[in-house]
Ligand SMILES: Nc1ncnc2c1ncn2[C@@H]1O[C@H](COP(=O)(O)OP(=O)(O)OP(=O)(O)O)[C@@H](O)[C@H]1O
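Quick setup: one chain, the form predicted alone, written in structure tokens, and binding and motion questions come after.
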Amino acid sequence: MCLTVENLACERGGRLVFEAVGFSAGAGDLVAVTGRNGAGKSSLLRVIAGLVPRREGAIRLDGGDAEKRPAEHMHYCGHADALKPSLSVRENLSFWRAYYGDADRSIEDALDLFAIEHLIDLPAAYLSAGQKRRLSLCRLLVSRRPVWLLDEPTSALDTATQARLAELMGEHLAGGGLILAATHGDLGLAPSLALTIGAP
């Protein structure tokens, strides 16, 4: 699998956020996206995920299911945790599992890996910021999609959970997955490619 981005530009609210962004990454690659606040790191991930229209440029994913759009091969985890507060932890993951598709890991296994299995029947509204972040990341494990688009994935995570996330990211890459992560800090893994958005 190969993700190719060519001459990508994004405009939001009449303002040019970034332009002329290009890179190519394949199976097993970790692309670390860096840049100052407001440079467009989050917008880049959202454009690639198909959530924000691009002003110009091309996004191509080779090696996936030809009957699916590129975005259907991708998991997007942004700043918002994408949780329904009134639903339980189990119900939130059940929704995303049904929406994105199945995976080898069960909901219970995913929660155990992020050490929140004891919260499985608790409404998401009662979770702390760190617990909500861990629950959001569990979506990566309960559905199988080869490309992970992660926006500040270690935000609100303690040191132990950051280490666990790095292990799981490593497993995904070793299995032929591809990760594009916007970050200000250390991901716990050496990136295959460092992409800086905007002026340093």
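Numbering starts at 1 and runs along the sequence shown. Because the structure is a prediction, the values reported are computed rather than measured.
Keep in mind that the form predicted together with the named molecule is missing from the display, and what follows is about it.
Checked against the named molecule in the model of the complex, the residues 42, 131, 143, 161 give one hit for a heavy atom within 4.5 Å, which is 42. Contact check for residue 55: every heavy atom lies farther than 4.5 Å from the named molecule in the model of the complex. The closest non-hydrogen atom of residue 17 lies within 4.5 Å of the named molecule in the model of the complex. Though the partner is left out of this view, residue 84 does not reach within 4.5 Å of the named molecule in the model of the complex, counting heavy atoms only. Interface residue remark: residue 118 is not counted as part of the site for the named molecule in the model of the complex, having no heavy atom within 4.5 Å. Stretch-level contact check against the named molecule in the model of the complex with heavy atoms at 4.5 Å: of 153-161, 134-142, 31-39, 64-72, the positive one is 31-39.
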